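We begin with a single chain expressed as structure tokens, specifically the form predicted on its own.
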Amino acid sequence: MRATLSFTALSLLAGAASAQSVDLGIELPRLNVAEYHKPYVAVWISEPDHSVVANLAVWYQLDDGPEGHGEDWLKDIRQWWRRTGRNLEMPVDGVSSPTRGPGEYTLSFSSDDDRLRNLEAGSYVLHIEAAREVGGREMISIPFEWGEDVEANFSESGSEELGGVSLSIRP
């Protein structure tokens, strides 16, 4: 199963509108472990100084379970939690969704998405962080340029909790 996180963002550059297409593929690998729990995953964009400009997705246990309320464990997505998660009131409409098992996933955003509407031309970093109970933590960060004529392709591979991650930006 192959999936891609896709969104088109509207950005206002010097008074002129421009649109870009962004595709992000995220793989959660199948792990051969005795006790498997679906990972909590956060996807966000920051400035190079780590200030958060957009939360794109947070996958976590939305309902109470045997381990307690899912929000109690969001702090295990450590970098996301420290940068922005602790300041959010969960669930966040359009951002929060249930955890997912092994596979590759698709998320779509439109050009009128409030999370990306004001993304101005410049340098940014896309972060994907995963944490799993009785498992590990892993984060992949991909620096990218955002602008009217930017076209780029990136790919990274995780080593434990994340598999392949690919980012494509097209004007």
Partner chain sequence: MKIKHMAMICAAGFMAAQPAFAHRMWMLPSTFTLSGDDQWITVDGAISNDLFFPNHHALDYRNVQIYTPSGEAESVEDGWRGRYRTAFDVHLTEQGTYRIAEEGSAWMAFYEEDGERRRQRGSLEELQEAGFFDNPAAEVFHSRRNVETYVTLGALSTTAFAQTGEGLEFRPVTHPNDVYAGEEARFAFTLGGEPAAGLEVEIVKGNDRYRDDPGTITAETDENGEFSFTPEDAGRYWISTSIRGEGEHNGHAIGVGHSYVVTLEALGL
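Residue numbers count along the first chain shown, from 1. Note that this is a predicted model, so its numbers are computed, not measured.
There is another form of the same protein, the form predicted in complex with the partner chain; it is not shown, and what comes next is about it.
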| property | result |
| --- | --- |
| Proximity of V95 to the partner chain in the model of the complex, heavy atoms at 4.5 Å | no |
| Partner proximity in the model of the complex: H37 to the partner chain, non-hydrogen atom cutoff 4.5 Å | no |
| The partner chain contact in the model of the complex: R137, any heavy atom under 4.5 Å | yes |
| Residue contact check: R100 to the partner chain in the model of the complex, 4.5 Å heavy atom | no |
| Sequence-ordered list of residues in 141 to 161 near the partner chain in the model of the complex, where near means a heavy atom within 4.5 Å | none |
